[in-house]
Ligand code: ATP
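Before any questions on how it binds or moves, here is one chain, the form predicted alone, in structure tokens.
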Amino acid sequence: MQPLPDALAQAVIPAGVRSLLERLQSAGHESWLVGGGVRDLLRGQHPKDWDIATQALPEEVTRLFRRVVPTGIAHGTVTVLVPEGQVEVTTFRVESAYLDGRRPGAVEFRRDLVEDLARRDFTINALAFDPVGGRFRDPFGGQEDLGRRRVRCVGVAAERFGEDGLRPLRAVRFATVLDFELDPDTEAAIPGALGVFDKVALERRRDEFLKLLLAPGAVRGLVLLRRTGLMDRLLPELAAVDDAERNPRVGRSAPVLEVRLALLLVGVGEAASALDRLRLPGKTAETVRALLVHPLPAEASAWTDGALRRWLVRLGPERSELARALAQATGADPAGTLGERLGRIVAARPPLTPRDLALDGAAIMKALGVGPSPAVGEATRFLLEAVLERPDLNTAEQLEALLRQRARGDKQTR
């Protein structure tokens, strides 16, 4: 048994999590906090998630606790609900060969903690802490790797990557998010695992990639993805583009998903294909497409306010802040002066859609003396164009006057 690190001795464990451990141990089941939660505690951070590994079988855990969700019975996992949230409780296990690079052919429950830790991906995740008994287990040197700021596979990297094709991307994601280096042997094993990576569901790839893209060290992550060949498999549409300007632009931007995705795809001929490949939520994909099709160009500094309002109509005013951030990162508006002007225009809440007009369809028909007809749509477009140029015209009286003036003009041309 290794000495208990100071960071763990001083760690504050939520009462519900500690009580869960105590109850399992009182029932005779060896139980430990494991994985990323222990890693975070060693780094002086509060874990986002709590995971427990135990000798208890799922049915034994279920009998001990009232609020249990059978989230993964076949793999030995149940979720116990505590006042602080959810805790995944998994029986010590080993796994047979992975037949498809995604899941083991079979799971065998065991009584040994070290065997359980040996199946995990990286040494910094193969850690166990028992806050009740004050015990710590680190059979694969994860604490040392944390100190050296290194992501290293447990055992032979090629074997770990062959078991789960997502692990190469997770290695790069951990190195990016934690600002760690990839162990040379771990990095060297990634190109040989790309065939297994290809078998991973697109949604699982996307989730890891987006975590990387939003990290403060996203530029390092993008470089690692390119260097290991993962980027060509993730987004082959980027294969022919130059990273020299693209990556720094991503790094300069705020960690806003739509902005960073747009920066990554600016100038990519098959950007729509890349967005489809990521299988993003519909609203997110639609916003990124709008930012790519209607960016705020450098020449917009010479546009009139009316021209900027027309651009807002095309983009969608709700996306203006994202467009401003995109323009600053690309260098189209480096000082942000154009963005400030745009912000003032948006803050004035100008009329930008037919719904914003002071005359609705019924009022327009009354003013024209007509019923429902194409003439109403034509008049609506005419009025909207007028108020886009001059928002101060958007009163019922002035819009009616514009319609009368237009009618007189039509008569004169006839």
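Nothing here was measured: the structure is a model prediction, and the numbers come from that model. Start at 1 and count along the sequence shown; that's the residue number.
Keep in mind that the form predicted in complex with this ligand is not shown, yet the notes after this line are about it.
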Considering non-hydrogen atoms and a 4.5 Å limit, does this ligand approach residue 351 in the predicted bound form? no
Although this ligand is absent from this view, report whether residue 39 comes within 4.5 Å of it in the predicted bound form, heavy atoms only. yes
Even though this ligand is not shown here, does residue 137 get within 4.5 Å of it in the predicted bound form, heavy atoms only? no
Consider residue 60 of the chain shown here, and say whether it contacts this ligand in the predicted bound form, taking contact as heavy atoms within 4.5 Å. no
Within 4.5 Å of this ligand in the predicted bound form, counting heavy atoms only, one of 384-392, 353-361, 44-52, 366-374 shows up; tell me which. 44-52
Which residue among 75, 341, 289, 170 has a heavy atom within 4.5 angstroms of this ligand in the predicted bound form? 170
Which listed residue (120, 260, 152, 246) meets the criterion of a heavy atom within 4.5 Å of this ligand in the predicted bound form? 120
Is every one of 18, 32 and 91 in contact with this ligand in the predicted bound form, taking contact as a heavy atom within 4.5 Å? no
Would you give me the residues of 171-210 that have any heavy atom within 4.5 Å of this ligand in the predicted bound form, in order from first to last? 173, 174, 204
